[in-house]
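Coming up is one lone chain in structure tokens, specifically the form predicted alone.
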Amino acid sequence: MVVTWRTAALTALGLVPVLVVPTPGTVLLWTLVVVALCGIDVALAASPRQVAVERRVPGSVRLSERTTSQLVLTNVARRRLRGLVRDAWPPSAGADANRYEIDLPPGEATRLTTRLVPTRRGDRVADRVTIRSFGPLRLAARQVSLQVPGRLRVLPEFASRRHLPSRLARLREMDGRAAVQVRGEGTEFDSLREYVIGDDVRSIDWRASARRADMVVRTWRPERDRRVLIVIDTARTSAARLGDEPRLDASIEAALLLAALAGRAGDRVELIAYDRTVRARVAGAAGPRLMPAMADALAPLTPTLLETDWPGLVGAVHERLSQRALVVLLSTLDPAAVESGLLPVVGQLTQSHQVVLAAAHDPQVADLLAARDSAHEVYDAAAAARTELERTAVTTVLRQRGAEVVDALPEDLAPRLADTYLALKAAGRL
């Protein structure tokens, strides 16, 4: 039983007879009256357990987009249900008003809609539905909390998709649908055209020229059906906060943009998320199935407070790839983590594959480097400068061992990685 503010008001009203007849019997009598009225009110209230509740939730929604959760309540009791319903969700689901007053005659149903604006990726699981049924006097109520299952998968926002049209335009140029033709080692033959002044003589097709009695040259296009493996590091360093979000979120945005671009280019895209074991995997998805599969696999990813097992990661890559491919590692350039983990094994990858290490760095470092107004800020600037020097040294070593390195701010990581992919493709290095 739940009492309302009316019960408290009725109890306070008992001060009047107590002041008129100030005896213990008056207090006891008024208390019994209040208790009796509350008991009668509860007895006349409809049973909240005789309410059939159905929840309707969409399967998924992108981060920061709006969606709704609907409750359908059917009163199967013989009494009219006057009450209050609470549709409980975790705070990260972003529910606004989730309490509803209802007046439901016997045998009728009503629909309650809760608007959700999620603030975090992952699976948001609905809590219990609480129904409070008031009596006719609304002095007290009967209450029950029911388990009504509901799960909403919050997909990554994919804010970096705004960079996709410009990169696709560059891809079309490289693919020969514009005036630009591309030559390079490992590219595919596209077509023949007449020789013009300025063409590389090495592209002349002498046999075709002899047949046509005119000079013709070969044109090339970037290779299709290449394999691109995206590896997201979900270990301890992915939990570092870069501005308002963890490093893992910047890696996810970069992975989504690269997958969308490579998929449109005709390449076979795969993904694994790894720390000491495989946390997520996307393989065999292509065309319109690729991006939904990527978003669904990346949605529940969270950092784990463990060190990355780099030998195990290399083994997982070799298990997936038997031919030369582009391997994109979305991790960190933290000198201590790279020197103790990645550097000893990166050569095993670069021997067989084109490797790109993409990492987001902290935007606060630039602010620390610029501030010199006090002795404290000077020491901070010196520490930041030392960190930048160490990152530069690690980057140099990685490049010497055959890996490309993309080091950018979180919001710039996705377009910079896409540009690197296009540059490698144009040069025929995939």
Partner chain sequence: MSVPAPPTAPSAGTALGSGLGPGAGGRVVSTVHEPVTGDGTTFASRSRSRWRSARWPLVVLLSIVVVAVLAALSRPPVSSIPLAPDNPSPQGAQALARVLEDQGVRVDHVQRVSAAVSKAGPGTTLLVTSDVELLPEQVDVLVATGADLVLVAPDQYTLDSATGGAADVAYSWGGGDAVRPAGCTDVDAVAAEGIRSSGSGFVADSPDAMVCFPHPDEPGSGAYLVVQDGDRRVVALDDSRTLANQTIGQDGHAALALRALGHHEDLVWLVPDYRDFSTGADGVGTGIAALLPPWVGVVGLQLLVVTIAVALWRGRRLGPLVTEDLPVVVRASETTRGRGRLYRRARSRGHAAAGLRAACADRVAGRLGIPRSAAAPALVDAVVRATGRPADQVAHLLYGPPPADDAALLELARHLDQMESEVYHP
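Bear in mind the structure is a predicted one, so any value in this text is a computation, not a measurement. Residue numbers count along the first chain shown, from 1.
Below: the form predicted in complex with the partner chain, not depicted.
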| query | Tell me which of 323-331, 277-285, 306-314, 119-127 has residues with heavy atoms within 4.5 angstroms of the partner chain in the predicted complex? | reply | 119-127
| field | Touches the partner chain in the predicted complex: Ser69 (any heavy atom, 4.5 Å) | value | no
| Can any non-hydrogen atom of His353 be found within 4.5 angstroms of the partner chain in the predicted complex? | no
| task | Mark Gln364 yes when one of its heavy atoms lies within 4.5 Å of a heavy atom of the partner chain in the predicted complex, and no otherwise. | result | yes
| Partner proximity in the predicted complex: Arg264 to the partner chain, non-hydrogen atom cutoff 4.5 Å | yes
| Taking Met1, Arg49 and Ala384 as a possible spot, do all three reach the partner chain in the predicted complex with a heavy atom inside 4.5 Å? | yes
| query | Of these, Val345, Ala239, Ala210, Leu192, which has a heavy atom no more than 4.5 Å from the partner chain in the predicted complex? | reply | Ala239
| note | Answer key: of Met215, Ala109, Ala169, Ala336, within 4.5 Å of the partner chain in the predicted complex (heavy atoms) is Ala109
| If we check the partner chain in the predicted complex, which of the residues in 266-287 reach within 4.5 angstroms of it by a non-hydrogen atom? | none
